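Take a look at this single chain, the form predicted alone, given in structure tokens.
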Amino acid sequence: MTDDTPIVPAEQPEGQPLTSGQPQASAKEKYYVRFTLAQRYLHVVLFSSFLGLAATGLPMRFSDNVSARFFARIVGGFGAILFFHKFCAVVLTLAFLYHLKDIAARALVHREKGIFWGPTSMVPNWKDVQDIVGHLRWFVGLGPKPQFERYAYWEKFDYWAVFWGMIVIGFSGYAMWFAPFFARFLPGWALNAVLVIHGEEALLAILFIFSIHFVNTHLRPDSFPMDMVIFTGKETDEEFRKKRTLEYMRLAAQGKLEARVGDKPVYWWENFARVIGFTAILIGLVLLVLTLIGYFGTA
């Protein structure tokens, strides 16, 4: 199946497929729910606390930098920066634990099928390998653009990069915070190692989130300048069919498509979300530039 294979929605007469260049057949545009309210709130907590960790961690990592010392004087010294850094760490940890609890409940209590494998899972599978190869071939004009299910391979890559970072950065950070406790069963060299690991992994996380993740999510041509679905939780029929063609077709074939229909996002909330989203992206890009300046300036 190629990228321009027509998809016929249930309400569209057979033989009259919609394409992205044609107007909708009905006057009222359909919206489909992609993320729940809880998932959206969790994302807000996640990116807010991460921005706080990045903004407070960089001055401590590059404490000899002029801008870091200036920032420390404004907020009350490096002690105040460390306090806010720990506060954001606790918030992010709680968000991560809530996510793990949600996965466990869906898998063990609700017996949700496909959470660890299948088209709706965040676990990479053979289809993702095929999509990577297919995308590379499409980039150089050697094949059609691949079609994606609920999560594309780059979304899974983003997810597991953050998951891995939470474990490594989180453990090393708490090992430094509660060093006397961890010193009971860790050798001295290990406590020195976690200091290096925490700093370098944190820098890697900043570089990844504020470059790769931003590009994958918001700066791609079909999402630029911002993908609003994580804020509104909903996407239009056209967006759904274009970005997640295989999921759309699967739900239509299973008769589950209409169950995903939701109300149009409230106008004021969309504008408010845009302000929050653009502000977060701007802060992230500024922190990315400061990271590069601090790193190469102290090399």
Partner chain sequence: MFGSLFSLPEVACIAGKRQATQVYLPSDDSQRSVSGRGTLAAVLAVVLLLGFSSMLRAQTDCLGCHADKTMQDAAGNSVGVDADTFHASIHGSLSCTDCHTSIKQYPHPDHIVAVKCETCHTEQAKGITGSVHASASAHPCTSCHGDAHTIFPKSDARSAVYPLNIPRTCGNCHSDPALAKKYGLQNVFSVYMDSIHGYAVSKEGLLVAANCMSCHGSHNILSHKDPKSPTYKANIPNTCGTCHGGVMAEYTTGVHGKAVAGGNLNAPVCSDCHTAHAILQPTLADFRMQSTPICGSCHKGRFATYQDTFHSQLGLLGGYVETARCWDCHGAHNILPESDPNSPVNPANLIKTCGRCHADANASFVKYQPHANPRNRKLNPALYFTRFFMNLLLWSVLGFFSLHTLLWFIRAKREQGKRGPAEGENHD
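Positions refer to the first chain, counted from 1. Values in this document were obtained by computation on a predicted structure and should not be read as measured data.
Omitted from view is the form predicted in complex with its partner chain, to which the following refers.
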Contact with its partner chain in the predicted bound form for residue 162, defined as at least one heavy atom pair within 4.5 Å: yes or no? no
Test of understanding: in the predicted bound form, would residue 212 fall inside 4.5 Å of its partner chain by heavy atoms? yes
Could you confirm whether residue 33 comes within 4.5 Å of its partner chain in the predicted bound form, counting heavy atoms only? no
Residue 60: touches its partner chain in the predicted bound form, heavy atom cutoff 4.5 angstroms: yes
Choose from 88-96, 101-109, 119-127, 176-184 the stretch whose residues reach within 4.5 Å of its partner chain in the predicted bound form, heavy atoms counted. 176-184
Which one, 43, 260, 250, 69, lies within 4.5 Å of its partner chain in the predicted bound form by heavy atoms? 69
Which residues from 206-244 come close to its partner chain in the predicted bound form, meaning a heavy atom within 4.5 Å? 207, 208, 212, 215, 216, 219, 220, 221, 222, 224, 238, 239, 242
